[in-house]
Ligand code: NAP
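A single chain, nothing else alongside it, follows as structure tokens in the form predicted on its own.
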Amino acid sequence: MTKRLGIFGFPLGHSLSPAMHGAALRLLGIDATFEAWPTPPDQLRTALKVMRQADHLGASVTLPHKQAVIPMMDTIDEWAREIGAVNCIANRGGKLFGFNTDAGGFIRALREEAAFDPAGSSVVLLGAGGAARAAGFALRRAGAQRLTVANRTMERAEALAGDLRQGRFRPGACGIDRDSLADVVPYADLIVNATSIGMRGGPAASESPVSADLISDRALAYDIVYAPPVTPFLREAERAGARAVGGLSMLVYQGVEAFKLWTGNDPPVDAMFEAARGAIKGSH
């Protein structure tokens, strides 16, 4: 029996997941397909009932469902509960297990693509949505020393900073305007763009949240946005002489972790990168 995997989201647009996971399934000779499953919020509960069938291995979960699926799971991994988001579901004997692989994928991307260890670092995290939450919790666990959440709405920045506080880890919050960022960005070892600014097809596709003159040449700039591969933010970082890494690495590494949870196999990482890059080019 051919097994089924897929991705839930709405709208799904041009998801890279079918190409990326499809390549891994083919190379490993696993009899399974990976499909895009555009699922409006009012159809999510029904879709998850179908997920319990024996031919379904699991699914990726993307916007706007990462929080909504939580009460529909039988079991939630401690990491997903702490972050408050599920981006990976595994079907195990008709029971649905919820995981968060975004956080682990983010840290692996920093370590493997940029040779950056967050331990002891000073970080500015731009954004306060789901991607920012995953990055913030991941950075706390990886030993970041200082973190500032910068967001357009101060209330959301303060809320995320508050959720992240633990022991001596006391994140701050600020606006995303130039004056606010000028107080923190020049001193950051790591600047993470977890907003949609600079995303292809987004409302601010040609803009960067930070200009080059604020970025230290010793910093690492990481953009969670992966299309285009070089965003305006990464171009500003390069102009500043800083290192710049795009979000495709986080997407692939969270997918690597998910693939293991679904199949028990280590996927071919290079083939997943290649398929994802090909899918980005094909979506121009």
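Since the model is a prediction, treat every value here as computed from it, not as a measurement. Don't overthink the numbering: it's just position in the shown sequence, from 1.
This next part talks about the form predicted in complex with the ligand, which is not shown.
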| query | Does the trio R156, S196 and I224 actually contact the ligand in the model of the complex, every residue with a heavy atom within 4.5 Å? | reply | yes
| Where, among 224-232, 24-32, 45-53, 211-219, do residues come within 4.5 Å of the ligand in the model of the complex by heavy atom distance? | 224-232
| request: Could you confirm whether G136 comes within 4.5 Å of the ligand in the model of the complex, counting heavy atoms only? | output: no
| query | in the model of the complex, does L251 have a heavy atom within 4.5 Å of the ligand? | reply | yes
| Is P203 close enough to the ligand in the model of the complex to count, meaning some heavy atom within 4.5 Å? | yes
| in the model of the complex, does G129 have a heavy atom within 4.5 Å of the ligand? | yes
| remark: If we test each of R178, R152, R141, R81 for a heavy atom within 4.5 Å of the ligand in the model of the complex, the one that passes is R152
| request: Check each residue of 53-83 against the ligand in the model of the complex and list those with a heavy atom within 4.5 Å, in sequence order. | output: L63, K66
